[in-house]
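Subsequent text provides structure tokens for two forms of one protein chain, presented individually as structure 1 and structure 2.
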Structure 1
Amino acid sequence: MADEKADKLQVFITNLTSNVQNIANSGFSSMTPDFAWLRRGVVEVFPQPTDVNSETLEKRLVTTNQPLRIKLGIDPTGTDIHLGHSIPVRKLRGFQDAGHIAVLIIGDFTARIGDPTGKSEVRRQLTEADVAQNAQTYLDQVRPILDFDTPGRLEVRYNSEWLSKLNLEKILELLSTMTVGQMLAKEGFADRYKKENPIFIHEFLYPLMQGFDSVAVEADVELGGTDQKFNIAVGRDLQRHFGQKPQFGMLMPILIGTDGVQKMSKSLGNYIGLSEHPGQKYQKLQGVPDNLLKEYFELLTDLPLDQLPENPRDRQTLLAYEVVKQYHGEQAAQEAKVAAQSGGMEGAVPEFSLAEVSHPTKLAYILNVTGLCKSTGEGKRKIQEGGVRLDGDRITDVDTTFASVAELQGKVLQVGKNKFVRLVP
């Protein structure tokens, strides 16, 4: 009996030694075979294996002797990011924590066209100045999510670096990799074609340019929402065309907004912005419908889903606290929680009555009378610098004017990161 125990112990030690040696030989000691983090909140990883010998993403992760390059592209077509946009960014952070290289591509070139995916009409082309300003705000907003500090774990690239240098010969080569029929199969294009809505030739270039980004940075994995499958697949085709190993695509769901019906969108008013005041964010998250709570926890937090409170109200409170803590810190989350419990649902944002303000009135004047700025002149400067937001929306036009109190009531006016007032009648 003693010999049998000794034999089992020896086998255990041998296996443990072998596993440790395998990790050491890999040259990448942070690798782990536990892929629970990898699949959390993921709708699809493609291509799927066709047989037992096919390479999978997990196999590539286990067998690699160097960090993989994980690509996420964001086009700075606006000034703000909401929680729906944060989902692939959080997955990018997961890869960083597993020891891989996050390659965040700021689409300063592609943003001038705009992704036509899901659009019923051509998008307005932005100026270079618009894109540059938007890009900086995007980086500021994703900073709480990504690891910007660990050397070698993040590359921030701008695709104008390579796309602006493409000559006509190279553009023709890109165009030759895809047929018109394939392009018309892309989401949105087919509907527009059937409805005889205009499709401009430059829009066909968008997925090819996004795909060429994968070639330029030699991506191993590209992250995106489910609406990005076509573009990511084009990246695979172009990598193959240029003699590279094709990337894997990892797709995440489109977050349903706070209305519980439609996807989160600023235009629909059902969004929670990353740059919003902690109190605002807390209040909105406390109102997330019960049927969406599990999805919000899965996509927006790292909390174990099998350890969530049973009571929906407790779940809402925990969700609000955890998300606010991610972006604003423990103290801000606690203050927002206390304010909500005491009835100050907006996280102790002071109020300013518009009763004595005559309308129409300029935003710069409101900034002065509310005390957010020392003068109307300072208000104009803050607006020009991009430091003024109304309910999370950045305002940059110094001549912005409001015709009535109804346009402002209930909204939070913000200057910089720490000055807020709620405008009331």
Structure 2
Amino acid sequence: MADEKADKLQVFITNLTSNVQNIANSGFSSMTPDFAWLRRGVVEVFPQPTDVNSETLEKRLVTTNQPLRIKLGIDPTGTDIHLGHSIPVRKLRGFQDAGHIAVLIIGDFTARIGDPTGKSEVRRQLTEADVAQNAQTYLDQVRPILDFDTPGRLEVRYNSEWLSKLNLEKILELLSTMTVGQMLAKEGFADRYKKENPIFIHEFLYPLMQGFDSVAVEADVELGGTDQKFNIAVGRDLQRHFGQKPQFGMLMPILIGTDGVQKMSKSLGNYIGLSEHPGQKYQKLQGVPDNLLKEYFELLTDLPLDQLPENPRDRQTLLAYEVVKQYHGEQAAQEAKVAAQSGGMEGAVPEFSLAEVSHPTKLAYILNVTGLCKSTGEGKRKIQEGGVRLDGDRITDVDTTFASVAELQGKVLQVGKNKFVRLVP
């Protein structure tokens, strides 16, 4: 009897040890099933624990007495965000729901100074107004994903707040935390250096600036795509240098676009924009190739992955319905589904014929005649407010004029979030 008890105890201890080892290896605890949301769609959490005593992200989540600060950086140079961008934002929502603080950092500093060499397309110089508008557009688009309403769950910070105050002494200190060799090992730099393509020295500052953002907001976790590992690790080093507990890095995949081949990108035409009409979203999602469906479900929905329909067509329909529901609600999802069943997306967007419109013609006038606005004056106001888009591109010049209506044919004109018209010949 005593032997039996001892045997059982031995088995229990063996299992426990094995469990602890598994936890240590995975970086996640299997003993806290409530953290399933945390694990979902994550490629890597780092640092990995080096032994059972190491702190893991889950340990920090369990032991903290106060909400953790979860950082996500946003580049305000572009305005259009797509489902690929939504992935870390959705994870951020998970942290909010678990009681933590989403810290969205608008990278306005670099956007406003642009690239001093003038050579980079990415770092073109934006005005303060551009940046503010882009940031607003970004926030509008992620509003359905994030919790904007619970007090204390969201901080929006502009990094010029601290970066514009850095002086040469502090910058020398930042630069002194890394060697040239470490920086040249970064993916992107290594390649260019080997090929003898010029790397300008100021480029070394960008990872350090992103890292200093983590110091400034005292981040506990930084979210990003797998391409952000180096920069997030720099943030850890700088936090350590400035006497803070280093953040965890949580890396998520780069979403493959609807073509099933290349990463989702507006310029490749394989994207689904968050500001797109529900009918458009629905149709595009219905066409996602079967081999991508599991990843899309994992990254873009909360549905249990082991309960998906067997039939691929049903899976596509479910995906489309679920994602449209997230952004536009149950009713819009239902309407988009009906429209798609009765002949595709076009049915979901009212059409307006340009046949009677003479040219050249002003956009404000078209907003009026299509019924999207009650007058040409209201059309101008809506343009000024930044509420007008043509095929997803925001139009901000009130005097925008089209020399020929042919330029408009087939495009979707949109006012605010819910008014759409397809312009047809």
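The term rigid core refers to the maximal set of C-alpha atoms that superpose within 1.5 Å between the two forms. Quick caveat: nothing in here was measured; it's all calculated off a predicted structure. All residue numbers here follow the sequence of structure 1, with the first residue given the number 1.
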- prompt: Looking at both forms of the chain, which one is the form predicted together with another copy of the chain?
  reply: 2
message: Superposed on the rigid core, does the Cα of Glu356 end up 2 angstroms or more away between the two structures?
response: yes
- prompt: Arg69: with the rigid core matched between the two structures, does its Cα shift 2 Å or more?
  reply: no
message: Using a rigid core superposition, assess whether Gly386 undergoes a CA shift of 2 Å or more between the two structures.
response: yes
- request: Using the rigid core as the frame, report the C-alpha movement of Lys374 between the two structures, one decimal, in Å.
  value: 7.3
task: Having superposed the rigid core, state how many Å the Cα of Ser404 shifts between the two structures.
output: 8.3
